[in-house]
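Given as structure tokens, the chain that follows is alone and in the form predicted on its own.
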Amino acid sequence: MSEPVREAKGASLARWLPLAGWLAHYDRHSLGRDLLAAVIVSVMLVPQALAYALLAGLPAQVGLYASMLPLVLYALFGTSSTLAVGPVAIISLMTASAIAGMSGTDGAALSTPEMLAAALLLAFLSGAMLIAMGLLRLGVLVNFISHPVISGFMTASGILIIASQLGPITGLSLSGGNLIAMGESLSSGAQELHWPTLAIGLGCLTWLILARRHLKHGLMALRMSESAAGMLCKTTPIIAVIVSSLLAWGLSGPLEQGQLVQGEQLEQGKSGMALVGAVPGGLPDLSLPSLVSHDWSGLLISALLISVVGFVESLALAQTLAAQRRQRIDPDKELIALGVSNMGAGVSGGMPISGGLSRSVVNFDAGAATPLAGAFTAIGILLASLWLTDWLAWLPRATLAAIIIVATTSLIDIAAIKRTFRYSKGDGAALMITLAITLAQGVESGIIVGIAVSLGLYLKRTSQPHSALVGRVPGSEHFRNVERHEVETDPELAILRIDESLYFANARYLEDTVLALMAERPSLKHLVLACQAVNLIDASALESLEVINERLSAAGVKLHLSEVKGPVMDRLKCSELPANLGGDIYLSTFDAWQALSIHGSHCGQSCARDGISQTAAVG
């Protein structure tokens, strides 16, 4: 096989399997960096995986299963060298909300096996949707969700997650999918506060907060390097897990210890403290999720929302980290990679997954060189599930609640509300609406309303495009808004700059703007539409331009266009507008000024008609 043919086949394979593009250059140095990052992330991921599974209302081992096969699949298909996928707080909360909205075949609440089946199906459906979006190259669609809406949703979700962990950390029974329901549930059962659980929970919470704020500086004061101190600080949840598990084990009598040896479900010690309980060790079974449930279609909307939120969060994180290494992330390939990973979770006993903020940052700081670091992390999780499950049974749920609370605080950005309102009241209102709906109605309602608000803001802004009458800056070829600058104008000439593409939503608004201008200026003879900001003129806008041209011609006013971009001009040539236009099409606004204004040089109309071909060639 010739070298060019081999290279072409390699490029074709790398298009669908990014691993094929970098594996040929993999060396010992990259292997060492990936192994180091995997060890650190594995230590961090074990307690997080357990905690997020419980947050989703699922058995703890589901979090471990979701951290094995999905990580290997992302290593094969992912384009980010540092994104660490797995269970995350927001997706876990959305999973819990989706499952809570379902009912069993008898109309009662779902049993644990039914909840697990629903989670598997949710992950599988989410993965299938992500793959479909990637194949259809729909990665750009996430741009229609505004950042203020995402910020409001993240902040509200963080508050909901923290509120949901007040039950496990205090020993109280807590229910509800929104802040109001959780508050009512918490207040009604306040008398059942469990003091040993609260002591463990507050102790772990205090340790994690103090370690996050002060441990790094303390270690550096002991002459430890900044990078080593930072890495060590990331493992502080493991210390909380070990100490609290030993305390729970010590408070338990021989009966509970005997139960664990016999493999029975241990979920509460003699002290009444809620524990993780026996965690099945080893590899999960591989099987397709069942589609025979009578209400599986009810998960479709939830799966779509989880797909969108997970992808937005993952892509933003991956692009941020990639920019620091001058690497490129392909959104459509990331859709496929996350989709395959979620489907992998669905067939291996896991739950919906996404890119995790804290784990990805640790992976980046540890020097992960390729996505293979994720595959090595999966091996670390497998070893933990084989050897540590006996000890994980004694882990208090209050400890996991404290880990979730501390990890979730990074999602809450109250300052963003003030910043956004100061810059744009419309965006600030969108943020607050999304935040309020999420807190009051739950995550699914919040994200649906948020997406609707994003689209509404986009339509509102583009349906009323900014336009300005411009005049010539004296002695130059520049034109500026007559209301902001001292410029030259002509009573018989109006130059209207359009600052938005023209499409069906704003076509009528343009008509109204032009007709109002014509009514205000009875001496008007020429109207120039300056189109330097127009990237599109769709069929509806074309019809509006034809109507404007007819009405202006009937009133004795000529319509002209200037600075029409090449792709836009190519489309206009396919219509009758250039031939029927009352005026001319100019290459630049200055050309139109010279030809039409009493202040211009009156170079004549001969060069104007050439503007059509010049615009098509140069624009």
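Note that the structure is predicted; figures quoted are calculated from it, not measured. Just count from 1 along the sequence shown to find any residue number.
Same protein, other form: the form predicted together with another copy of the chain, not shown, and the subject of what follows.
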Candidate stretches 83-91, 213-221, 461-469, 344-352, one within 4.5 Å of another copy of the chain in the predicted complex by heavy atom: 461-469
How about residue 323 - does it come within 4.5 Å of another copy of the chain in the predicted complex, if we only consider non-hydrogen atoms? yes
Quick check on residue 538: any heavy atom within 4.5 Å of another copy of the chain in the predicted complex? yes
Although the partner isn't part of this model, could you tell me whether residue 279 comes within 4.5 Å of another copy of the chain in the predicted complex, counting any heavy atom of the residue? no
Any of the heavy atoms of residue 572 lying within 4.5 Å of another copy of the chain in the predicted complex? yes
Position in contact with another copy of the chain when the complex is considered in the predicted complex, options 186, 361, 100, 533, heavy atoms within 4.5 Å: 533
Just to confirm, with a 4.5 Å cut-off on non-hydrogen atoms, which of 147, 525, 194, 521 contacts another copy of the chain in the predicted complex? 147
